[in-house]
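Single chain ahead, written as structure tokens, the form predicted on its own.
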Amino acid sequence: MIYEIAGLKVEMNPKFDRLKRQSEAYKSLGEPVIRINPDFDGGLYALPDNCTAEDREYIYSSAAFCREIIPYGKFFLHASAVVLDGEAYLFSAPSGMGKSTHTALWLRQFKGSYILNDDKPVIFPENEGVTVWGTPFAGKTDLQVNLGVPLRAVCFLKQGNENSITRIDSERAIALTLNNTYRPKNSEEMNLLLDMIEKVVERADIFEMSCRNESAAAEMSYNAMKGNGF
């Protein structure tokens, strides 16, 4: 089966319902440039004993896709991407740090907002800007849309009990991005990834934030990332 994900033709042949369901909107035709083997992860993941065959297919396929897109000038960020007024705002953090909780605040607070991808959006630095793509690899929530949207800003979440947000310098932005994406072992691909990240940092504002689960936090992050002052 051929799918078009983040502008790339991908061959996958899912056996189980989860990957079939989440990939349905991406069905396409044409010659694939990426072929995914869902039975092999290259030793990247140590899965729990209770992991089902369906879960394993989904995780391995996601990992393979994230590895294979780098030579095509694209990379994924472990983030929840929310769209408002035609622009994408990315909230990135390790699992359990509250990125989906925060974007859920945006959905309640801002009319017309929606989740582009809730776990693995793809970032594509282009000549004139940066595009964020939804993918079928959306984590447990299955919140994702098959669209490419211009990137407005990226925000990395950190632990804290107060609402605070700060624009960060390029060195820290690059380090945080690397910590929340796949880092290839191949030096050529690693250099390509670093070049892509540098382009994103040059073209978008990058922030670091701690916040509480309240509407004021969503207002704060929106105003900062939109450039309305904070």
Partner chain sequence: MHLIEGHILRRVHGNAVLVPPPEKDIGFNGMIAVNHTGEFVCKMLSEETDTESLAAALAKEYEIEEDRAKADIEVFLSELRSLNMLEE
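Computed from a predicted model, the values in this text were never measured in an experiment. Residue numbers count along the first chain shown, from 1.
Although not depicted, the form predicted in complex with its partner chain is the subject of the following passage.
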For the three residues Ser113, Thr131 and Val149, which mark the spot I'm curious about, does each lie within 4.5 Å of its partner chain in the model of the complex through at least one heavy atom? no
When its partner chain is placed as it is in the model of the complex, which of 54-62, 27-35, 177-185, 158-166 ends up with heavy atoms within 4.5 Å of it? 177-185
Give a yes/no on whether Val201 approaches its partner chain to within 4.5 Å in the model of the complex, heavy atoms considered. yes
Can you tell me which bits of 190-220 touch its partner chain in the model of the complex, meaning any heavy atom within 4.5 Å? Met190, Asn191, Leu194, Asp195, Glu198, Val201, Glu202
